[in-house]
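Take a look at this one chain, the form predicted alone, written out in structure tokens.
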Amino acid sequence: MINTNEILKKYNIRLSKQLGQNFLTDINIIRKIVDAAEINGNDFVIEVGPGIGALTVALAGRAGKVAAVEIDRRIIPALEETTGGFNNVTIINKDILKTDIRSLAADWDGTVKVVSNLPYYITTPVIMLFLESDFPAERMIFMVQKEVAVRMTSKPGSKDYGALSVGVQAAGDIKVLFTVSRQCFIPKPEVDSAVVRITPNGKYLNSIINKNIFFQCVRAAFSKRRKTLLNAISGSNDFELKKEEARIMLASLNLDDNVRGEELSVEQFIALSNIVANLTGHIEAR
């Protein structure tokens, strides 16, 4: 087990609030995360924000290969030390949001999984990056803020239902596996966390004509929650639709002019995006 305080002291590392650095120290939680991912030697695992490697080491002990993507170059020497006993770990000192994630596992013939204790400040962008890029993950295990886990599983009409809810639920099955106390981290964050599992299944995504249009529709609908869907769609620079075109489109779905994005189900967002794709002639991209 890695002694976090000793490693931080040895390398004179001061953790950055700006980078959301809260390092998981509870070995039982680490074991539960790896168990939830069902890691085996056929798996290529991508970990975002490995920090000094507590979870990385546990993943490397079971996986065929681990790619640990860490933005903070100050931490790299410590991460190299803690993972030094494994020849199946590749450390990548990059910003995950500026990385071609599909290239990371391009030459891997087995299954691909994503397992991460996500830095809080980039939780939603990272999750959406993997979902929107058609990344071929068999499953994704993320530790996120507890409130984010609630948003991911929220249903239409609830105050927590938003673009993240729709994006995640369109991608596959989402389940909150267990919660994690703030006491399990150094330094202690202000909120508790939760571990979630996303299992892509194609149930919805295969019925989407154009994924780019789908996510654009979702983002437009929730860009300003007080806006009606009619105004949000017709006012979006992505589509350049006239208000009357948007009104006819909503009517074809039996949706009222005053309906708002948070009232639509995942199925309705897909139907809406398919109409937009056909109407604008963007029917090829997947």
Ligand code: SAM
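Sequential numbering from 1, following the sequence displayed. Here the structure is a predicted model, which means the values were calculated and not measured.
Beyond what is shown, the protein has a form predicted in complex with the named molecule; the following relates to that form.
Not displayed here, the named molecule is approached by residue 22 to within 4.5 Å at the level of heavy atoms in the predicted complex. Taking the partner from elsewhere, residue 118 is found to have a heavy atom lying within 4.5 Å of the named molecule in the predicted complex.
Contact check for residue 101: every heavy atom lies farther than 4.5 Å from the named molecule in the predicted complex. The shortest heavy atom separation between residue 63 and the named molecule in the predicted complex exceeds 4.5 Å. A single residue from the set 173, 95, 147, 80 has any heavy atom within 4.5 angstroms of the named molecule in the predicted complex; that residue is 95. This chain is displayed alone, yet in the predicted complex one of 71, 205, 112, 91 has a heavy atom within 4.5 Å of the named molecule; that residue is 71. Heavy atoms within 4.5 Å of the named molecule in the predicted complex are found in exactly one of 50-58, 217-225, 35-43, 243-251, that being 50-58.
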